[in-house]
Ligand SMILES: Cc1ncc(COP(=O)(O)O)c(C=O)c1O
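Just one chain is shown here, as structure tokens, and it is the form predicted on its own.
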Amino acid sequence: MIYLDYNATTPTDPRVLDAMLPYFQARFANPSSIHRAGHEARRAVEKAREKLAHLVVARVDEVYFTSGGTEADNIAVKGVAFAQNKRKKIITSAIEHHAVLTTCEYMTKFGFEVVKVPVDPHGIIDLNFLEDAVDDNTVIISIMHANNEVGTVEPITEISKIAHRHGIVFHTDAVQTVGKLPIDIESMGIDMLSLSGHKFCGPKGTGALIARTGIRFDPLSHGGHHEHNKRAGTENVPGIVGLGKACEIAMTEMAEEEKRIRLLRDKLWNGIREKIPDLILNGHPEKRLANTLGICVRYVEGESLLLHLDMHGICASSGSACTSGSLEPSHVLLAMGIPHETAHGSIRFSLGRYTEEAEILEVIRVFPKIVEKLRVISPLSKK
């Protein structure tokens, strides 16, 4: 199998798995228990909290463990909105992950107005529109750090400055960037940040919300004192330990890995565009995650491309794994101004820690043949 769908999920690093295993059996205690075994589990949780805080340059007490990025997004948007009773506007972008978009839509049931900031053809948000949209009724701005489908990296520092000039909380969904890009929440002006362990070779079912000191937000779950009284329920100790180990590995290997993966991604893009005409590069050509190559193949359906790649043992995606059951074209591509029929031909290759050059060369060999075959039978093909 050639796996090029790292933006959907990643394999757990063996070093992460090794760190987790003792906490399933030998060190299985509840970290809230007062006996020695419980204290040992608590120390493991707090050590992982320190590692995560170090990775994003946050204070240890600003880290709240969750089940993943989706829960963290929900806590941020709902928690901040419900913690006050005056402001009723939420600002987000048109290309957010559905974990944010659907949460914002849910908030309209409680009288909140949702404003979606448009993006340019590269997926960069319109800062002027954002500035004009902000007013005294705005409670939170939630803009992702980098898009999961096209990889475009947003101007986070500029966004945070706009938010803070108006005294507004700024949240960013950094699920695709933590472990891939250096993040310093203080220098970048981030008030709240969501992350997910399984996007950088940590375990599924783990994540965190970083919330700067002084940010008020209500919990979603109740029933215990866990996570500074913000998330009730016994902590997932093995998962948290694994997340901490993934953060530790990212700290030491992220820079070199970024360089290696960027070279492989560019090799893939240059290789296929030399052999396939009528390709469109999705996202910003430079301000883009090093591992992400999103393209539109004219005159071909993206789902057909994926099925044929799968028959050759190659795993890719047509966009977000969370919307893979939908027949509608990507809301991200449509927001970027890509025509409906062209957006249906989208495909995303996302590389990662275990991607090798030989695999890239095999995709360069196979993919043009698949496109040629499908275009021959496509009613959309040029005559």
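Values in this document were obtained by computation on a predicted structure and should not be read as measured data. Residue numbers run from 1 along the displayed sequence.
The same protein has a further form, the form predicted in complex with this ligand, not shown here; the description that follows concerns it.
- Looking at 125 to 133, 213 to 221, 140 to 148, 269 to 277, the stretch with residues near this ligand in the predicted complex, meaning non-hydrogen atoms within 4.5 angstroms, turns out to be 140 to 148.
- Just one of 77, 246, 175, 289 comes within 4.5 Å of this ligand in the predicted complex, counting any heavy atom, and that one is 175.
- Remark: residue 93 does not count among the residues lining this ligand in the predicted complex, judged by a heavy atom distance of 4.5 Å or less.
- In the predicted complex, at least one heavy atom of residue 97 sits within 4.5 Å of this ligand.
- Interface residue remark: residue 68 is counted as part of the site for this ligand in the predicted complex, having a heavy atom within 4.5 Å.
- By the criterion of a heavy atom within 4.5 Å, residue 231 is excluded from the residues contacting this ligand in the predicted complex.
- For the stretch 183 to 203, the set of residues having any non-hydrogen atom within 4.5 angstroms of this ligand in the predicted complex comprises 196, 198, 199, in sequence order.
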